[in-house]
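This document starts with one chain, in the form predicted alone, laid out as C-alpha cells.
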Amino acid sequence: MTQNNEVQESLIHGTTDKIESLWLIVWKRFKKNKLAVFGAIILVILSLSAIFAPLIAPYSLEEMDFMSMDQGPSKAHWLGTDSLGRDIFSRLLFAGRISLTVGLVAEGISLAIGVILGAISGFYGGKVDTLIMRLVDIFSCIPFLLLAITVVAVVGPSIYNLMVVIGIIGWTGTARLVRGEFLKLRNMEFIEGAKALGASDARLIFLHMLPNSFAPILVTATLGVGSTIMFEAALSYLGLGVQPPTPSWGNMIQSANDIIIFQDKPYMWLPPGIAILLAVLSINFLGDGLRDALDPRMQVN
C-alpha cells in the first residue's frame, strides 16, 4: 500500500514538474520577443489606468470648468478641455474602462459561442458539421461592420447591446479554428484510447480535446480583443455604440467630428485616437508573441 502511494506521488510530482517546465519554456520564448513584452507592458499600463481611473483622474467624469471651455492643454487640464469644459485626460481614463470592457466581454461571448459550435462540429462531423459550417458561411458572407450596424440600429445603441451584438456575430473565425483542431485531434491515439476506456463525449471534448486546443484558442482570443476594440470605436464614432455622456474612446473622437476641430484642435481627438492605436497594437504584439511562444516548433537557446 505504501509503495502504491509512493508511485502515485511520484507520478503527480512528475506531471507537475512537466507542466512547470513547459510553462517555463513558454515564458523563455515569450520574453525573447521584445515587441510582445513591450505590448504586454503597455496593455498593463492601460488596464491599470482604466481600473484606477477614479484615483488617477484629476477631475470627476462630468465635472465642468466653465471658465476653460474648449481650451488647449494647460497646467490645470493636461490634455485640454472639450466644448463643455470637461477635462479630456480624466474622460480618457474613464473611457478606457468602457472600451477595454467592451473588448473583453464581447470577445468572451464570441469565444464561448465559437468554441462550443466549433467543438460540436469537429467532434461529431457528418450532418451536424455540415449544418454548423453552412451557418458559419452565411455569417461570413455578410460584412461584419455592416451587419453590426444593422443589428445595433434595430435593437438600439447602448453599451450592453453593443457587447452582445459584437459577441454574437463575431464567432465564426473561432468556430472554424476549433473545428479544425478537433478534426485533427479526434483520430489521435490518446482519443481512441479514451474512447476504448468508455469516456463520455463530454469528457472527451472538455478534458481531452479542448485542453489540447488551448494554445491557438488563446492566441485567437487575444487578437480578437483588439479587433473588438476597433469595432466598438467605429460604431461609437457612427453614433451606434456607447452613448454620451458615458465616454468611450470611439465617441470621444465622434464628439470632435468637425473639420474645424480636426484642423485647429487636435487635442480633442488625438488622445483617444492614440489610446486606441496603443491598445490595438499592444494586443496584436502580445498575440503574436503568444503564438510564437506556444508554437512547439520554436527553439529556446
Partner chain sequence: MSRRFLILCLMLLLVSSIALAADGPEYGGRFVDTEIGDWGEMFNPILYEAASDGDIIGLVFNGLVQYNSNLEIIPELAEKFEISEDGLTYTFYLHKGVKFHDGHELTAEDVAYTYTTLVHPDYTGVRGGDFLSIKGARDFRDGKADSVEGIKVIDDYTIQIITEETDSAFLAALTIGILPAHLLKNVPVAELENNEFNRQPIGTGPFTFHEYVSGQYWIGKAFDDYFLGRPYLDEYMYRIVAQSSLPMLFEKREIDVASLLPDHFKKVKELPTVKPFTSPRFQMLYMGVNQKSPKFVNKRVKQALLYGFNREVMVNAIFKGFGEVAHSVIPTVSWAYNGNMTKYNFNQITARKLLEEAGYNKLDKDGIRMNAEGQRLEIDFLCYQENTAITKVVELYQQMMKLIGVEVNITMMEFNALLDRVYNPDGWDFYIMYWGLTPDPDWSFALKSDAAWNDVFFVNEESDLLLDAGRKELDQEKRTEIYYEWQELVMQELPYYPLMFPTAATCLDVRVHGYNENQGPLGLLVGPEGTLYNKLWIPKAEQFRITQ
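Only a predicted model underlies this, so the values are computations on that prediction, with no experimental measurement involved. Positions refer to the first chain, counted from 1.
The same protein also has a form predicted in complex with its partner chain, omitted here; what follows describes it.
Please name which of the stretches 81-89, 103-111, 165-173, 116-124 has residues with heavy atoms lying within 4.5 Å of its partner chain in the model of the complex.
Single hit among the candidates: 81-89.
Candidate spot V26, I45 and T220, all three touching its partner chain in the model of the complex (heavy atom, 4.5 Å)
No: no residue has a heavy atom within 4.5 Å of the partner.
Could you tell me if P244 has a non-hydrogen atom within 4.5 Å of its partner chain in the model of the complex?
Contact check for P244: yes, within 4.5 Å of its partner chain in the model of the complex.
L55: touches its partner chain in the model of the complex, heavy atom cutoff 4.5 angstroms
Although its partner chain is absent here, L55 would stay clear of it in the model of the complex, with no heavy atoms inside 4.5 Å.
Given that its partner chain is not shown alongside this chain, does A76 nevertheless sit within 4.5 Å of it in the model of the complex, heavy atom to heavy atom?
So A76 does not count as contacting its partner chain.
Answer with yes or no whether P216 is in contact with its partner chain in the model of the complex, where contact means some heavy atom within 4.5 Å.
Residue-level check for P216: no, no contact with its partner chain.
Going by its partner chain in the model of the complex, which residues of 238-260 come within 4.5 Å of it through any heavy atom?
Result: G239, L240, Q243, P244, P245, N257, D258, I259, I260.
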